[in-house]
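Next up: a single chain in structure tokens, the form predicted alone.
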């Protein structure tokens, strides 16, 4: 996120100026350290202060459905209600238990009333198929399934029914972007609508970023998002399976991102084949607490087969998929 870095003693003065000029991004949190305040801003502007890229969290919506609905539902109905909802741009996706289906319109209307940034409420379906998309049912608000959200200084547009996307991973995408410190050739496998591609191309000194996506709808939106963010000189999108596309690109890469935890292990051989010496690979996987070493074993086995060596740089938890099971990212260097 773009932030203006301000000494603590000037914070109040600068904050008032940002608000007066409509430059303060109120959707994101203000950060601070021992010497500076970091105000999230909507765009760059002339200033004597430094404008920096910093990972800051989004302000929380009133996403605790039980709290929102405690005066509208019976205690036994509240017990059935799922507490949280997914928010993508101005669209909220809520899960309705079978026994509460008669109250789904009421629940959706209350979500709209209690969250001024929410314009549409959809009913959650199951993620299915190769593209991990879900059938979503309209419940309330504007009749649309197309969302526009802002994260990591880029705009992302997508159809939430046709493209898999989680705004909860915006911090993780920002983390990966923050690791790119020099001109690098970067490839994003399974790039979806382009959130990694755009964040890296926009905020880092990467030489070039390539996204590869098998879902035609995801690819279409990635192309749009590259144009929306004016990144055509630094990024491109390719349609197809990475096993087919990467040989055709005839390149090797300094950084490879593999954000498909369910089956990324099946593509480690491809990643290793097209990794430069000292390349960094970000490998995503699902593992239960205490079993993270199993992901490292997958990497070491693939490296042994490919006759490459690796150095594990770290493991990061970046989401929970079920009780005790996490989405993790193993960062490793190919040496």
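Numbering follows the first chain given and starts at 1. Predicted model, so just to flag it, every value in this text is computed and none were measured.
Quick note: we don't show the form predicted in complex with a small molecule, though the next part is all about it.
- In the predicted complex, the small molecule lies within 4.5 Å of some heavy atom of residue 267.
- Contact annotation: residue 253 falls outside 4.5 Å of the small molecule in the predicted complex, judged by heavy atom distances.
- Heavy atoms of residue 131 reach within 4.5 Å of the small molecule in the predicted complex, making it an interface residue.
- Contact annotation: residue 214 falls within 4.5 Å of the small molecule in the predicted complex, judged by heavy atom distances.
- For the candidate set 92, 154, 186, 242, a heavy atom within 4.5 Å of the small molecule in the predicted complex is found for exactly one residue, namely 242.
- Note on the interface: of 101-109, 257-265, 75-83, 114-122, the segment with non-hydrogen atoms within 4.5 angstroms of the small molecule in the predicted complex is 257-265.
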